[in-house]
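Next comes just one chain, in structure tokens: the form predicted on its own.
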């Protein structure tokens, strides 16, 4: 330490260390300000409104948990999201595995077809199912033209139409997450299993598949949480029996103007997704979702 005019100056090493700590904080400031203003502040207002709308009470939550309508909607939401997640995982796993063992032009071609749906707006993709599944749609016309059926099948405005559209929207994301997880698997372990006498199927079943399960769990978590908030797809392709919680929140906020009840429903949905993430973190660690250590 050196003294100048009665003051002490910090050594160059300490000053450099301070700058190293300040620079990352300054770089994060715009992002933190954006998140605070456009996410945390609206979230706080939503929480406040859910309690304040009816005289600072739990009245909105009492209605939410005692009304048969909300119970049915929440059960329908969880059921639909669960089925869509399972189907998406089943369909995505083989594609992700093929991507893992492919290379060069073949992998690029498959990835191109996987990403193509992202280039089309979700509303357009949903409307395309109206053209395919309608009474005069392509599928019914083809079935009647070939004599397989004589009257149009009821393919629209039911659980089938909602699920098939949700899976189509969720599938690319599921494939990419699984593909990223599978790429981190050490391929020499499979080669070692084959050297010790295991066949290709046995090596896959006993080595590759268990090692890929963290990626399956992570993809399931993200896809399930995403599917809980679906609004456009069930609104356009479903019937009142397929009403999901996002549709109910939208009706309460925009048509009934019951902001307190809508805020309570939104907060409960947020709590459910947070609990799901916490349970996943407890048993599998959220670090796996962005490539952290499995330890």
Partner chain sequence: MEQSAVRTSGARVRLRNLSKSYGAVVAVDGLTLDVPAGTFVSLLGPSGSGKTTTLNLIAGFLTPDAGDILIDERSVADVPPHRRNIGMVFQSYSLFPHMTVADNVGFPLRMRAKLSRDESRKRIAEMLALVQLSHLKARYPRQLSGGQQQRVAMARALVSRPRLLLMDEPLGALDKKLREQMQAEIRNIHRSVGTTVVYVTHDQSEALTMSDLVVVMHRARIAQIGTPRALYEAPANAFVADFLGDSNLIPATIVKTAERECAVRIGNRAVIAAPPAPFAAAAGDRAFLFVRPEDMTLQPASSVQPQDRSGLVGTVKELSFHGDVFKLSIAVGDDVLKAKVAREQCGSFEVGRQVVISWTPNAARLLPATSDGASSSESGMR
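In this text, all values refer to a predicted model and were calculated from it rather than measured experimentally. Numbering follows the first chain given and starts at 1.
What comes next is about the form predicted together with its partner chain, which is not displayed.
S.K.: Does its partner chain come within 4.5 Å of any heavy atom of residue 188 in the predicted complex?
M.R.: Taking the distances in the predicted complex, the answer for residue 188 is yes, it comes within 4.5 Å of its partner chain.
S.K.: Just checking whether residue 206 would be counted as a contact of its partner chain in the predicted complex - the rule being heavy atoms within 4.5 angstroms.
M.R.: Answer yes; at least one heavy atom of residue 206 falls within 4.5 Å of its partner chain in the predicted complex.
S.K.: So, in the predicted complex, is residue 194 in contact with its partner chain at a 4.5 angstroms heavy atom limit?
M.R.: So residue 194 counts as contacting its partner chain.
S.K.: Answer for residue 147 alone: is it within 4.5 Å of its partner chain in the predicted complex, judged on heavy atom distances?
M.R.: Taking the distances in the predicted complex, the answer for residue 147 is no, it never comes within 4.5 Å of its partner chain.
S.K.: Please determine, with the chain shown alone, which of 98-106, 220-228, 195-203, 163-171 has non-hydrogen atoms within 4.5 Å of its partner chain in the predicted complex.
M.R.: Looking at the other structure, the answer is 195-203.
S.K.: Within 4.5 Å of its partner chain in the predicted complex, heavy atoms considered, which of 211, 122, 110, 87?
M.R.: Looking at 211, 122, 110, 87 one by one, just 211 meets the 4.5 Å heavy-atom criterion.
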